[in-house]
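Structure 1 and structure 2, given next as structure tokens, are two forms of the same protein chain, each shown alone.
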Structure 1
């Protein structure tokens, strides 16, 4: 099996597959809103604005060979959420899937949590590959047999059938959020999970739907005094008592649930000091954290703000240990990015399996990888032009100003409608899933 090591320079990323329609006319419902591998990497789930979930399953060509080619094919698809209308508040509730999180596998079935703005659902995805045959009172097509004509008894037996994958909603966790849910995170205790909206974080038990505990509440008594909102939250990967939440002001708070029932007082506050002379109208907006992710080893966390990715050591609150510029050339375009609302785009970020490389998206269907050890970064593009089977992706370069070299693209030519907000990295191997507006690209490490 391919190790997840190797920096962004050792790895040669090749096109593997692309899912979705080719046409440029994108229906709103087809906009991909979340991408997530399960814990083994065998399954890859996507959610879209139309409330649908599509799950792909990895099929490995030749299991005996190391570094073998694998393909992801459709495994299951279902409608997770429907649009709703809250009559009491005159509020339209979008069916868009904000987040999908997989539960660790406990038995043959797979479970995932999917959420829209207001309701979280637990889905069970199970396989059926046999069915009972030889009923005494029913024909094979389901018609009932007249019991009077039955002269002998037989025991029905299970016979193989074509694989059927069924998705069924097992729990619906509703009515616990006044504001819009931005995150869900499953606890390492395998029993609870948290859900976070703009102002509150709730703790749930996976089995109990009529009750949840509020663990963070930053709603001010007077809404006029509102200065910041919660933007993302996540449980620590190993410490079941620890979670973090990020804010629109660029701070991250780490909370310990052992300290008190309501974790309004943080245990740690991570904030990078800002030079007040550099402050501008845009400072707070671009410092808003759009995603926070713990490293797999639980020692670090990564945050994404508008222009950069920062890695924090959980033992040091004063400043991040690493900062990577995603698209610094946009700093001189903030005025137009504010006017077209792009400045409010929420980019996500992710770690590779051994925490040596981090990845995040950008505009023009570009995405960026930062190799922490080798201190190198690369810009790649998800495009139909580079979609020949096993085609190696060529690094891209944006020219910020001055003379544009051949093969470089100038900042003014970037397409700001082509945003890569959601990316995911296979938990062990160098396989990545990158979502453009309505297409899902899968790239793999070049097989030797």
Structure 2
């Protein structure tokens, strides 16, 4: 598998770290709900169902020992959202973090957006390693001094102190979504971002919290006529006027904000005709797109539906240029997956640094990688059994039926409670972060 650096040499993935408790009985609040690297890859943020954000920082590599790969250690932990109650609608608003997006770094501090179902917050993450001393009108413990007792003026100085990382909320963007927010995406103009819920997409300015512009509204006048919902939305990485949004019907619409203020008329519609031979009761459910991601170069976009990953060329709307089957062996199991609600799971997908490999999750804590150049794929597993330092991950194979080979696992013995919905790839290196239920696994390519 070629990695972020490309090339035809096979990348061997090996275990690096695992974060989180080992206990079998998992607290609901500890379930990871989003994973995101920042633009340099030095920081890795996770959000969970308890409304917490945990940021890991990559340690500086030891230059004298290149085989010692840098590890990620906890940098900052803070409570981003609290549970709320909407008294007008008698609805509980849970604190679960749906998405985290890092802003491009402009100074020493880092900024990120985090959102739950209703409220988006802008957080500043900053370091303090000095503190002021020698005030004229107050003691070191903060008590004020009577000005009449001051006989000499002192110049306050900064003294070194232990490093302290502070997370402070700088803006709160609220009251703009009637339905649950499923996406936030930062624009390449570095000034605006979008937020999408089931029926509307809003455009925000990062400095203005009390108003947003509604740029897409698919809510019908009569809700009984509702046929589809918005499932994901993202800005183009280079063209600040272009964004896409996907729907539960398996379509992707590309919109240009230069055309009109309300982008109800799309510029392009990406849709693949359905294969009549695969038509079933579940066709519409499994065609719903759970994630859409532009490639870093902006030429392609990737979509994830229940059974496959598709790569679309922005210049060709009629069909995807590449289709990868993630777990085709589940097609015969759709009935039981419908009964246990797994068919509604929303898997995310991600690109590697140079867009040559794509990755997405599956069940049984499996995750899949597809090498676009070599048309090769691999299934790997995130498990405690293969979590010795620098242990190479063995490719896994699932037997769909017939005689099972020695190293294969039967499709009937897959654990559907163990699923990898959230994955992230370091923007420059072959380092990936994979979230199982309440654990974060970090894997790196093997260094010889």
Partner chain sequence: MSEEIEGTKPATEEATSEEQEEMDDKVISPEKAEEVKLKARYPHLGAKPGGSDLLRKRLQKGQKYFDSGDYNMAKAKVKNKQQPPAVTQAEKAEITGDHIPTPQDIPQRKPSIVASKLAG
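The term rigid core refers to the most C-alpha atoms you can superpose between the two forms while keeping them within 1.5 Å. Numbering follows the first chain given and starts at 1. All values derive from a computational prediction rather than experimental measurement.
**Q** So which is it, 1 or 2, that shows the form predicted alone?
**A** Comparing the pair, one sees that structure 2 is the form predicted alone and the remaining one is not.
**Q** Quick check: residue 210 between structure 1 and structure 2 - does its CA shift reach 2 Å or more after fitting the rigid core?
**A** No, the C-alpha position differs by under 2 Å between structure 1 and structure 2.
**Q** Taking the rigid core as the reference frame, is the Cα of residue 222 displaced by 2 Å or more between structure 1 and structure 2?
**A** Shift of 2 Å or more: no.
**Q** Quick check on residue 277: with the core superposed, does its CA move 2 angstroms or more between structure 1 and structure 2?
**A** Residue 277 C-alpha, core-superposed: shift of 2 Å or more.
**Q** In Å, how large is the CA movement of residue 136 between structure 1 and structure 2 relative to the superposed rigid core?
**A** Taking the core as reference, the C-alpha of residue 136 is shifted 2.8 Å.
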